[in-house]
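Let's start with one chain on its own, the form predicted alone, as structure tokens.
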């Protein structure tokens, strides 16, 4: 069954709003696209559309937080960059409980082209103090993690894909913890967001070739579960990271820093590189940027071939 993580946002917000009268929702002319129209219809006095003005969106959200509200600011992930100064100065600096939702993340807004694709948002948010950062792997993940974040102090960034993703039926995540979705001894594949199901599909193919891939899922990027990564990296022959985001400053860079701190070899990173995005079908864009299931399989085979001794086989 396919479902987009953004599709659960409105339902989660309605559930929280029924319990917490301090929850308010704001958007920058993207209520329908962010799937928050139902909230606007039920709570019109707690819903604010500021128009195409993302800097105002974040400034107003910060103001609500100063008066004791819990504001949720919703826009496309790519447009959060327009308001980075306000996010840094008005939200992160004061450690305010503003929850920022960036939908249509990565390449998932494929047919709208490069102007609407977010490939650098994690690089910005990962460097801000106080932020909790989520990048759910499917709709069930989003439904579980979003409410947990509202119970945490400080700001948060929810990165939600537009893609209709398979519902994996995996155990529910805990905020701040990664998960092993498949065990293996040959290679570690660490994935986040929409790349998790593709990594699992690649692991299925690799198993047919006699390669046992361990697949780690990171739906919480901050706080980051380093221990899970270190334990896996020490028992396999290498780590590959997979993300729908630019390699520099994103999930792969986060993993590289963590491994380096523990004296472990650097990962082999898969993500976008030297691009602002493109226009086409989503699968075409993933193939163009080396992020298809087949590309993950090839990357693992290449890694193990480089490390395999002459005469060894799978």
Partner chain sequence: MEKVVTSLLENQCRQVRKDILQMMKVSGPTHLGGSFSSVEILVALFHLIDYAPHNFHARDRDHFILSKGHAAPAFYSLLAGKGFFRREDLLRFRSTGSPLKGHPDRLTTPGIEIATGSLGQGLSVGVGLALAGKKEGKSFKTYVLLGDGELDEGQVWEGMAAAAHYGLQHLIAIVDVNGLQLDGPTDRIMNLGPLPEKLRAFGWQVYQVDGHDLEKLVTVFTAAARDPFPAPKAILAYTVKGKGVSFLEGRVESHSLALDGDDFSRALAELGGVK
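For clarity, every value in this text was computed on a predicted model and none was experimentally measured. Numbering follows the first chain given and starts at 1.
Another form, the form predicted together with its partner chain, is not on view; read the next lines as being about it.
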{"item": "Proximity to its partner chain in the model of the complex (heavy atom, within 4.5 Å), stretch among 160-168, 240-248, 90-98, 204-212", "value": "90-98"}
{"item": "In the model of the complex, the residue from 220, 86, 188, 75 that sits within 4.5 Å of its partner chain by heavy atoms", "value": "86"}
{"item": "Among the candidates 33, 289, 258, 56, the residue which, in the model of the complex, approaches its partner chain to within 4.5 Å (heavy atoms)", "value": "56"}
{"item": "Residue contact check: residue 46 to its partner chain in the model of the complex, 4.5 Å heavy atom", "value": "yes"}
{"item": "Any non-hydrogen atom of residue 24 within 4.5 angstroms of its partner chain in the model of the complex", "value": "yes"}
{"item": "Its partner chain contact in the model of the complex: residue 62, any heavy atom under 4.5 Å", "value": "yes"}
{"item": "Proximity of residue 50 to its partner chain in the model of the complex, heavy atoms at 4.5 Å", "value": "yes"}
